[in-house]
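So this first bit is one chain, no partners, the form predicted on its own, shown in structure tokens.
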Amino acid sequence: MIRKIDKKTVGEALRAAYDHCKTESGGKNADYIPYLKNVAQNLFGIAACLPDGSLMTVGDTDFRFGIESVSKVPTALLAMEQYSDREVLHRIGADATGLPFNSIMAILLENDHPSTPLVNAGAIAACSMIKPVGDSSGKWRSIVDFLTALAGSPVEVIDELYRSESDTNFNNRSIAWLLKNYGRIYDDPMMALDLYTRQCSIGVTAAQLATVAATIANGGMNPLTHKQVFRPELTPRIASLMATVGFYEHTGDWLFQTGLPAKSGVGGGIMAVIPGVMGLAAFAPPLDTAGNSVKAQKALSFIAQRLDLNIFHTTRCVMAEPAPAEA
């Protein structure tokens, strides 16, 4: 069964979600990264990007926040685009750990079995794979250019966040060397770690994240720029990774309740992909115990229910074609 929705319905759902969730006071900012601890807790924004390039926003959708772990999605996609999905599966894997995003134990338990590019260890390994191998500046340009193409607008590092991340990434340093010990990193470990730290420090807006999500949902074609950013066959690959590990140890609960492939970050952003339909994003800094924005989760869950976006439903939601202009 097909259910059609239009721009007006989507806009109304965003506004209703904002009004419903704006007084939510649960969670707290990430306090292990000083920059994130000091971001205003009351910031809140929701955005949707549709296949025709329509961008719908409500709230603080122009505020530039740290992309953090949402950056793992573009880098995983870039690795698959540069190599192949099967090569990334072989070198890193696609299995959820069921453990926290920065788990060292997961590496020890799975030393002979790759994990996933959407947790810290797999993301650092993915950064080590990015071409040109051995060239830090070339790798970084590849990462930034790819994210820019996905977002349809320029992105850059928040320098204060990068310094804050670099000064506190002791756990990730251990992860990088442990990956080296097990032969699961494919370039200089400290170079890969610095690339990962920098990509997590990139500033984005909720509107940009919604566009990234829409580009993925649109088979790699950016709906704003009409540029083909990656091969269409990679959309189901990355969406499946988001569905299985996008919220770390809370992923099962999220997918059970919403049916949305999505990825969170400790900067407070969440990006959701509804293949063939739209991209969604929400931002609010206070997090739950697993590092997922409390308010953004509730907002996206509200929208998913309101618009029947659950990808597992027997009803298939699609965007209605715009009415033809009168002669």
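None of the values given here were measured: they were computed from a predicted structure. From 1 onward, residues are counted along the sequence shown.
The next section is about a form of this same protein that is not shown, the form predicted in complex with a small molecule.
Novice: Tell me which of 295-303, 30-38, 274-282, 55-63 has residues with heavy atoms within 4.5 angstroms of the small molecule in the model of the complex?
Specialist: Flagged stretch: 30-38.
Novice: Consider the chain as shown here, without its partner, and state which of W140, Y248, F146, Y186 has a heavy atom within 4.5 Å of the small molecule in the model of the complex.
Specialist: Selected residue: Y248.
Novice: Please pick, from C200, A151, A192, I92, the one residue with any non-hydrogen atom lying within 4.5 angstroms of the small molecule in the model of the complex.
Specialist: Of C200, A151, A192, I92, the residue with a heavy atom within 4.5 Å of the small molecule in the model of the complex is C200.
Novice: Does at least one non-hydrogen atom of L260 fall within 4.5 angstroms of the small molecule in the model of the complex?
Specialist: Outside the cut-off, so no.
Novice: Closest heavy atom of T75 to the small molecule in the model of the complex, within 4.5 Å or not?
Specialist: No, T75 is distant from the partner.
Novice: Since only the chain is shown here, I'm wondering whether Y196 would be in contact with the small molecule in the model of the complex (any heavy atom pair within 4.5 Å).
Specialist: So Y196 counts as contacting the small molecule.
Novice: Within a 4.5 Å heavy atom cut-off, is N172 in contact with the small molecule in the model of the complex?
Specialist: Flag for N172 set to yes.
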